[in-house]
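In the form predicted on its own, a lone chain appears below as structure tokens.
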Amino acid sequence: MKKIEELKTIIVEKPLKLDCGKTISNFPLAYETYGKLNEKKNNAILAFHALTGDQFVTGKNPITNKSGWWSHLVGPGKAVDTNKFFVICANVIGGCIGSYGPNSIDPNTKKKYGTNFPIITINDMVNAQYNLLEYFKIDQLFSVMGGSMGGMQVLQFVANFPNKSKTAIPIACTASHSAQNIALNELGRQAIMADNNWNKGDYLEGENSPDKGLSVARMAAHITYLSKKGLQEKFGRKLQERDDLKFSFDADFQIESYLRHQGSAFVDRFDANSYLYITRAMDYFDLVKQYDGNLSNAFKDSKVKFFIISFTSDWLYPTSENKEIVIALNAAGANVGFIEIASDKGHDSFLLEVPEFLKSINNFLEANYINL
């Protein structure tokens, strides 16, 4: 397993003023690349990861030894063909896989920041990642793309840098976090903070971490990534390796065992404080408010060609919220395409092998690649 310090990292020397008012500089930004940057440097795609993602988009993740989170989509000969495109992905600031986050060392105390780390926003994440364009000397990206929180970053990127990408693909996302999603994130945060081992975020120097709280947070969130129909078809009321109920609080049902597995596996690869910070950033995301209540103003100066994608069974970021983005883009006179893909896999559809999804992205990229 690779150590964090062995990962690809740039040190962002110039100051970055965060939305919370604090300024950071000389901070690490961990990233990974796939494919090759061409001579014109116009074939680069900046991929933004979701809440629990990282920079390891495809292939084998050296931290977890599992496949990258977009292995179905990105790679040689795949929908996002790395024989043609140069894909860049960074671990967001606030994350725990090499970028500046709660696990970073505070130069003043020589200890890990923990909850002394500054509150960050989606805007801060995007502004930090913009430094990768300067690092690779890329004047304009071919595309920016991402799903869920990654989609929020896509929207923020285009709003901040209207001429720095030729195309944009926001997937299963929203322009502002709903009350329901804020409530669900708060549930996860409270589960973490209720764990005695959390110790107000000061657990990083000790042997104990809030694994139980983080596991519950992951279980609760994972339910929201699925759909009722998908859960019913996969699990129903099937019992876990037995013929009858045990009349106990053990995992009688397969769905219970599945969620417990998801929770326990998650704590092995993610930091609880990072979960707090990143979910907070998602809750603070409100592109409508940033532009004085008119979302179309976020895109009025953009020449970017958009492709918005939603899924029928996604109740976390439903099609209605994706269509609000389409309406705003149309009002701004932007070039925008939209597709709602039929899938019973819920919000997680953008991470799974959904043929129409893969085909749609491939068709969009190929159509615009011709014009390179």
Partner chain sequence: MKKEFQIISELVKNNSRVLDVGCGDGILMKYLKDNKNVDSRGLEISKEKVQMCIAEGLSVIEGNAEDDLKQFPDLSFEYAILGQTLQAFYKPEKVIDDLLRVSKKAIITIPNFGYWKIRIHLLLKGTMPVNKHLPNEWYNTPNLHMCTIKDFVNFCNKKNINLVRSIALHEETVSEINNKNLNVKNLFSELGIFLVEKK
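Residue numbers count along the first chain shown, from 1. Model, not experiment: these values are computed from the prediction.
The next section is about a form of this same protein that is not shown, the form predicted together with its partner chain.
- Using a 4.5 angstroms heavy atom cutoff to its partner chain in the predicted complex, none of 204, 262 and 269 count as contacting.
- At a distance threshold of 4.5 angstroms between non-hydrogen atoms, residue 340 is in contact with its partner chain in the predicted complex.
- Its partner chain in the predicted complex comes within 4.5 Å of no heavy atom belonging to residue 60.
- In the predicted complex, at least one heavy atom of residue 307 sits within 4.5 Å of its partner chain.
- Mapping the unseen interface onto this chain, residue 330 counts among the residues with a heavy atom inside 4.5 Å of its partner chain in the predicted complex.
- Of the candidate stretches 330 to 338, 35 to 43, 62 to 70, 22 to 30, only 330 to 338 has residues with heavy atoms within 4.5 Å of its partner chain in the predicted complex.
- In the predicted complex, 307, 312, 323 are the residues of 306 to 324 with at least one heavy atom within 4.5 Å of its partner chain, listed from first to last.
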